[in-house]
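Here are two versions of the same chain, shown separately as structure tokens and labelled structure 1 and structure 2.
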Structure 1
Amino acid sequence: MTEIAILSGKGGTGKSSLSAALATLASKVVVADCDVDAANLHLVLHPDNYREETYVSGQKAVIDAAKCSHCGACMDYCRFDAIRQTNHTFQVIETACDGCQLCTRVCPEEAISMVNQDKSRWFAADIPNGKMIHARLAPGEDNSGRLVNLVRDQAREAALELNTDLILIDGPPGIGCPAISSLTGIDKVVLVSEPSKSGIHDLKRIVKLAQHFRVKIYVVINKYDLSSSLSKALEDWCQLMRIPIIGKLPFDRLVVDAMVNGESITNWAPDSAISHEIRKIWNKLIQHE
């Protein structure tokens, strides 16, 4: 099985637009949208026949006021400042609670219990050339990395079912837990960058992370025509690091038009120069072994 992830460090560089295009170019594919905070690919990949499942992201503590003797032990022990005292009642600040359960253990009255966080969902659906899995982490719920792992597990199952070897992962921005979970154990990563100082800064950090996981790295420069000098700087740095640049895409309003019309760019304007360039990227990516 080949797992290819599209990541970027910096947000808004065009990850999802490129992922959508690559997904529609594949003959048979499972798409795993691992941006569990803000999944978008379902808007352009025509998913159908939805299955929705609950994801228990973790647990949060709740204090039973009737049993509480106001000793304050829970507040003293909590390292997340998640317990607040107002007048004479102790309360858990839901958004601060990390679910470690230490308060339930130190409470002499056994007044604290844990409740499941079950507002997050994950989805499986059919797309014209395969399946897609995506998820929605409820606002403020934890363990986005674990949800990414779940999406990837489901994608692998779907790939077996579908009898395909290919999984395409659209990753989240950043380099924290969901990005780490999107990178772990994959074969190739395409890093979408842009010629800006922040783009280059962010690329360097995610390259470092991807190298840590020994993943084969490719770079695509998006909106390369934004600045020729910074585009050159980006290329020079990649060359120095021996990272192949497998494509350079110009800024093109057609990409936005495609999105507005609920299509990937390669489906919306298959004969455009940018779609042609993306097909070249795709060919390089699946041929490079």
Structure 2
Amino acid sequence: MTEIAILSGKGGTGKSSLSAALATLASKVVVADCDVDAANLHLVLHPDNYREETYVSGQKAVIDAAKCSHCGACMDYCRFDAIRQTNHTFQVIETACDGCQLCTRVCPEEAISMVNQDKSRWFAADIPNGKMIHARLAPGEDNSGRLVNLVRDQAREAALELNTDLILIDGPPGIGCPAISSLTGIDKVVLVSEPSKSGIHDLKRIVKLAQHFRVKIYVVINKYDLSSSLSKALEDWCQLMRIPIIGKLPFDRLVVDAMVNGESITNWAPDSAISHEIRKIWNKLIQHE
């Protein structure tokens, strides 16, 4: 089974647009949207026949006002400032609670209990050329890295059921826990960058992370024609690092039009020059060993 991730060191490079285009070019594929904090690939791939499941990301403390003696021990011991007192009533601030359970241990009245964070969801659905797995992490809930792992596990199960050996992962931006979870155990990673100073800086960071996992690294420069000097700097650095650049995509308003209309560029304008370039990227990616 081949797992290919599309990542970027920063947001806004066009990673999801490229992921959507590559997903529609595959003959049979399982797509995993691992940007669980802000998943949006389903808006373009239009999955249906949804299966929805609850994801428990952790626990939060809840205070039973009827049992509380207002001693304030919970607030004194909480190192996350997650408990506040209002009109002699103690309340837990959900977005600040870390779920450490210390307050339940120090409460002399046993008035505090832990409840599951169960507002997050993960989904499995059909797309025209395969399956799609994605998730939605509810605001204030944590363990996004673990949710990425769950999405990837479900993608592997879907690939076995679909009898395909290809999983395409649309990863999150940055180099945090979700990106690390997206990189672990994959075969190839496509890093999408842009000709800007922040784009070059963050590409270097994500390359360093990908090298740690010893995966095959490829780079696509998106909107390369916005700055010829910075594009040249990107190419020179990739050559120095011996990282192949498998595509250079120009800025094209058609990509914007495709996104506004909820379509991948390869579906919206299949005969356009940029769709032709993306097909070349796809061919290089699946043929490159």
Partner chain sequence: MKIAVASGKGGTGKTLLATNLFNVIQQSGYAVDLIDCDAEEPNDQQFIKGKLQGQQLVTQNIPVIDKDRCTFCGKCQEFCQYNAIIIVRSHQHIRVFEDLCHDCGACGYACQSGAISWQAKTTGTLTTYEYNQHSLLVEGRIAVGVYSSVPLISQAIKGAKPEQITILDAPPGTSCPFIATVNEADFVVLVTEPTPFGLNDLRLSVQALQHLNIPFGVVINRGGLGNQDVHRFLTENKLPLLDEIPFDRRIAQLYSEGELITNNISAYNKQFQELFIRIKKQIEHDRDSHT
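Here the rigid core means the biggest group of C-alpha atoms that line up within 1.5 Å when the two forms are laid on top of each other. By convention here, residues take numbers in order along the sequence of structure 1, the first being 1. No experiment lies behind these values; they were computed from the predicted model shown.
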Number assigned to the form predicted on its own in this pair:
2
Let me spell it out: two rigid parts, one turning against the other between structures 1 and 2. At which of G176, D37, V56, L160 is the hinge?
V56
Please state how many degrees the smaller rigid part turns against the larger between structures 1 and 2.
14
Report, in Å with one decimal, the C-alpha displacement of T86 between structures 1 and 2 after core superposition.
5.4
After lining up the core, report the Cα displacement of C100 between structures 1 and 2 in Å, one decimal place.
2.6
